[in-house]
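Considered here are two forms of the same protein chain, supplied as structure tokens in two stand-alone entries, structure 1 and structure 2.
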Structure 1
Amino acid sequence: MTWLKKYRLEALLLAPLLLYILGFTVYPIFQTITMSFLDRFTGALTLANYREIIGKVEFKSALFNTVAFALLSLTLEMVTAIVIALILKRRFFGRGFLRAMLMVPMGVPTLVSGVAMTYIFSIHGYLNELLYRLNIIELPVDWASGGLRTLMMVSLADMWKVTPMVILILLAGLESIQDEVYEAASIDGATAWQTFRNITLPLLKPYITMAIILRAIDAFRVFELVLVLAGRATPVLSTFAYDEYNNYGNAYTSAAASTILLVIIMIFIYGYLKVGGSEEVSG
């Protein structure tokens, strides 16, 4: 106990934070997991909650939508972010302007970005109007009608909001690559593609890993964007869990849905780190 005596002050300063996280994050999650295995009325251990939600059509569609949305938006965001980060690494007139524009979506709350997107994607919205004026479509497209189209819409909305942050992460990575490496490649006569494929991409990998994990976590948990844009037509696991509790008053099935979501997130992170190598996730 001499250790505790010596570090009494440190323990005292650290305790509130750790206790808060234990009490308000770890314990609630533990409660949710427990609740998902309890019978609603008797409190006995059961798998009934899982059986009940798995039997629901909305759940199957929520499960599919969650995974599909995460993969779709991650792909779109990473590809776009790499392209724009590479552009921002060039020196050109208007570079500062483009960089400043990146701040615009970052200064918009997620909920508000959803609201703005409803004006763009509604039946008589601006996207349809643009496509109409460009003579691409004649009749308006109903983007919120469900299926792949709606997933695409939510992904684009999400992409608008978060790609700037991914760009900043990747840009930090690009700036960490030393110019000598590129000079050497250019002396060896590497093409731009070869340089990108064999130098930039491998050296950027830790940053890509960090961006993917960050984005994947948020993409799996997507909530307000779907609530605002797609409503109940296209549920994801978060909105399904919310619906079960708030509109059907069943905390136990809601807990089961949340638990499944947590498991999916953990599997993704574990799987990605396994496959993608074991670099340190650096800040």
Structure 2
Amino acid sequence: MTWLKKYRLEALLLAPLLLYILGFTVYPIFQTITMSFLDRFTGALTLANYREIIGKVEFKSALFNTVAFALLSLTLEMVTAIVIALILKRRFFGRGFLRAMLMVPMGVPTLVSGVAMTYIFSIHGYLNELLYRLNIIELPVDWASGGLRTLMMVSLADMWKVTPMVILILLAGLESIQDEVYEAASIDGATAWQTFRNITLPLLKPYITMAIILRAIDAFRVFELVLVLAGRATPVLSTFAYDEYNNYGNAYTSAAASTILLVIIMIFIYGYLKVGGSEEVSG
């Protein structure tokens, strides 16, 4: 009570934020986890909800698609971001303008970017038109029909939206490398590839690891892009949980699927905290 009297003003200012976090984050998560272990009819503790969704083909497909999407999008984003970051590290005319333009997708809401991508990937979209004019296809391709092509479509759309954030992280890493290191490598006669492999890549590793973990957390909870571009043809864990609750009216199996997704995300958050903590200590 003495502590409360001493910091009464601070506690009063923090109270709205604490209530917000407890009411809109902690309590819903706790309730969801609890519901996933309850029988929908008797309210008794059970694992039936997990057994039910694990037995569904749609859940297995959603789990596979979630992992496949995360791997595909992470690979595309990291390779693209490293190439662009290396280009932006160099000094050339218009570099500031190019940097600003590359950041534009970050300001576009995910739902809007998903709708914009339908102009490219729909049956009558720009991509089919381009491939047809290049004589690569004779009939339009339905990119949202499911399978690998749909995963690739969503991954490309996700890459356009979030790669700027990865570029910023990697660019910060590249800017932190001293020019003297490159000058010493040049004096020793190192080629561009040897300099990248033996100097840039090892020194950039903490930033690459950080970007991969942050993006993996986002990739596993992808929702809007998949819903807008692929619909039900290619479910992921988040859209599977949404369907269970919204279309089938089963809040308990939806809670079980959400809890599994939460566990996957928590693993990556733990990895982020471990990497971030160790980097802070070493720094």
Partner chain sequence: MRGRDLSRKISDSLYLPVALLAAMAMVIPVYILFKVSVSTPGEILTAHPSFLIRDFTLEHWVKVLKSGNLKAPFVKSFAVATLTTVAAVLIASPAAYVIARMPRKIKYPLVLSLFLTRMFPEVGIALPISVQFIKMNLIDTYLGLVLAHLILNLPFAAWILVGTFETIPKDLEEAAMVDGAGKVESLIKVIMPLALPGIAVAAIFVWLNSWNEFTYALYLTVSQRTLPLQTYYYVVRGGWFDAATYATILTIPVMVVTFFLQRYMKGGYLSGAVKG
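Reference numbering: structure 1, starting with residue 1. By rigid core we mean the largest C-alpha set that fits within 1.5 Å across both forms. As the structure is a prediction and not an experimental result, all values here were calculated from the model.
Requested in this report: Return 1 or 2 according to which structure is the form predicted on its own.
Outcome: Note: form predicted on its own is structure 2; the other is not.
Report task. Please check if Pro28 moves between structures 1 and 2, taking a CA shift of 2 Å or more relative to the superposed core as movement. Result -> Pro28 C-alpha, core-superposed: shift of 2 Å or more.
Query - Per-residue Cα shift, Ile265, between structures 1 and 2 [Å; core superposed] - result: Once the two forms are fitted on their core, the shift reads 2.6 Å.
Report task. Provide the displacement, in Å, of the CA of Ala15 between structures 1 and 2, taking the core as the superposition reference. Result -> On core superposition, this C-alpha lies 5.3 Å from its counterpart.
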